[in-house]
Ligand SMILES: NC(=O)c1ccc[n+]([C@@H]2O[C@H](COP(=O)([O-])OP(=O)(O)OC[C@H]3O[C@@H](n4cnc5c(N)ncnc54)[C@H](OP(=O)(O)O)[C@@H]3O)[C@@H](O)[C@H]2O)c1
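Presented below, as structure tokens, is a lone chain in the form predicted alone.
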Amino acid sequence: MKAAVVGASGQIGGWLVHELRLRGIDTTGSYASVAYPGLEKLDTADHTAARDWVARHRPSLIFYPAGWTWVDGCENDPARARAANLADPLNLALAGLEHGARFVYYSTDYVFDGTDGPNRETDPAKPLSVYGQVKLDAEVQLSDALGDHYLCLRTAWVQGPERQGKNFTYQVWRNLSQGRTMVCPLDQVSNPTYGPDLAKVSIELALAGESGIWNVAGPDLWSRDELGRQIASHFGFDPSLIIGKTTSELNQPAARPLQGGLDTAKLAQKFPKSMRSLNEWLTDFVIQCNLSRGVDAGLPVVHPEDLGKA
């Protein structure tokens, strides 16, 4: 078996490559702008080059944790949002289908309006933002094009150790380590999801031949400001530096689901306890930061390849 991970320099992609190679699976990873050893440059916007890349490697599994996930950026640039989150992955998926490859796409709880979360896979989608709508459109078009060669993983608030240090946990670290306060929405609720767990479950579902939509997210629901305080406590910072404000006070360009999140009962039935709770994964995050070689004492950036079998 051969696998390809498009966007392997990102947080989900890095862990996917790590876990696939631990399983002995021949894995090729690509990057768009942030290069790392062992990854190949790929411009997914060049559809001809992207199709040639797939034809050259002929993977049986293609994971696409790439795309453009900046919600407010998508709101201000719908064309770019649609290209990165729909047109580019659809092109890769169709190229893979020519060789019998199955395609794993990552979607979001932002396909829902956040009025009655957590939502199940079968609940009607009602996106509030350009980002949510484009992700929903991609879900539909990929399903129509690929049938049972398509696996869609909806997730939320992905956190954890990663190479670029961009997720919310790192934002909390950077602010609080300098003694700065950090304003977070107190009325946005969802599932904090641990990136290493998401990668492992992604692979297990793909290897099991599953298709369709699966919610893959952390088991517990938290507001964004309470998540910030939990992160602060685990890393030894003052939780009172996290200041909660309502979404309406923050004037974010894109509307956010408030009572959001994903119901993961379907996943829990197939893979019980596969996703760690907030307390469990924050504890592991601290351990992984201590294990990582060459870590900056002021910022726990972790390279999955440095962790051996951790």
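Nothing here was measured: the structure is a model prediction, and the numbers come from that model. Residues carry their position along the shown sequence, with the first being 1.
Beyond what is shown, the protein has a form predicted together with the ligand; the following relates to that form.
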The stretch from 44-52, 245-253, 267-275, 281-289 that lies within 4.5 Å of the ligand in the model of the complex, judged by heavy atoms, is 44-52
Checking 103, 194, 112, 106 against the ligand in the model of the complex, the residue with a non-hydrogen atom inside 4.5 angstroms turns out to be 106
As a check of understanding, the residue in 59, 29, 257, 67 with any heavy atom within 4.5 Å of the ligand in the model of the complex should be identified as 67
Discussion item. Quick check on residue 17: any heavy atom within 4.5 Å of the ligand in the model of the complex?
Written reply: no
*Answer yes if any heavy atom of residue 158 is within 4.5 Å of a heavy atom of the ligand in the model of the complex; otherwise answer no.*
yes
- Query: Does residue 174 reach the ligand in the model of the complex if we count a contact as any heavy atom within 4.5 Å?
  - Reply: no
- [ ] Please check if residue 141 has a heavy atom lying within 4.5 Å of any heavy atom of the ligand in the model of the complex.
- [x] no
